[in-house]
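This document starts with one chain, in the form predicted alone, laid out as structure tokens.
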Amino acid sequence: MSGTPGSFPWQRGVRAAAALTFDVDAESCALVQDPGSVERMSLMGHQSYGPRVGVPRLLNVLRRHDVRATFFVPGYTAECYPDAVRAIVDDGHEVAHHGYVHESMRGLDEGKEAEYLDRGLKALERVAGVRPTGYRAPWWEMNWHTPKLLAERGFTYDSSLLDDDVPYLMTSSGPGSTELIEIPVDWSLDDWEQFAFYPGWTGSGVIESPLKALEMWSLEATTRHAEGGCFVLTAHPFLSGRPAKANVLDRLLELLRSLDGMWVTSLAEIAAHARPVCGPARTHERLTDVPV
């Protein structure tokens, strides 16, 4: 079913699906790379803008369009900004898991990765009273054992891989493998690549015009709608929560809502629909014969 335009079996009256997702990283993504960043007052303020200012502005945009979104929240962010996370929940949006301090999972053994998953789960449950069903790996870096760890903890879907245009049922080779819905992402649909820059921390120094991002994302949205695909935008409140960029999301939502049969909803809703209709699971196999 996956990989063939128009082949995904959406529900009656739905041609394609779209989700706005927000990674509420705040200070965590800077601190995990360099704990010494805590001494950089301006950098910490730049990141705290997300939950303090960006999240309320984005909630207003979503409320205006009556759209339910998915917010991926590191546990540390929830502990630092409990009011922001509770506001997300109170507005009816989905809160999903995004590590504890946005740790890179790349190369971690099962024990250490499980520790980070559990710490993040406990923080979200303690602060917001939610047990997430969705997960997004920080930096979109999955390990071959990650699906098993997620399934063991009751997650029903992941949104970290970049290997399709529609949801699919996945499993991985090896003992203890369990099925999950994968809802793929795409670097071209990530605002970090367009807007993220801070001297001595991240970015090239080129900050794109929000209108360029709107043009690119609109083309992706209309093309995926035409193909019957799934449009998943990844945005960060410290970036897209700023005025002109939030205005672009407002205009993007106008477009999405105008497309006939475009279902604009949370990833949890998409995953729930996909589970019974995806067909046989796709097994991810680690390459064994690698030329060196």
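All residue numbers are counted from 1 along the displayed sequence. Quantities reported herein were computed from a predicted structural model and do not represent experimental measurements.
The form predicted together with a further copy of the same chain is left out here; the points below concern that form.
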Q | Answer option from Arg106, Arg126, Arg131, Lys112, heavy atom within 4.5 Å of a further copy of the same chain in the predicted complex | A | Arg106
Q: Just give me the single entry in Asp91, Glu141, Glu152, Asp118 that has a non-hydrogen atom within 4.5 angstroms of a further copy of the same chain in the predicted complex.
A: Glu141
Q. Taking heavy atoms and a 4.5 Å cut-off, does Ile181 contact a further copy of the same chain in the predicted complex?
A. no
Q. If you check in the predicted complex, is Asn247 within 4.5 Å of a further copy of the same chain, heavy atoms only?
A. yes
Q: Please run the contact check for Arg251 against a further copy of the same chain in the predicted complex: heavy atoms, 4.5 angstroms, yes or no?
A: yes
Q. Any chance Lys122 has a heavy atom within 4.5 Å of a further copy of the same chain in the predicted complex?
A. no
(Q) I have Phe71, Ser258 and Ala281 flagged as a candidate spot, so tell me whether each of them has a non-hydrogen atom within 4.5 Å of a further copy of the same chain in the predicted complex. (A) no
Q | Contacts with a further copy of the same chain in the predicted complex, stretch 44-59 (heavy atom within 4.5 Å) | A | Met44, Gly45, His46, Ser48, Tyr49, Pro51, Arg52, Val53, Pro56, Arg57
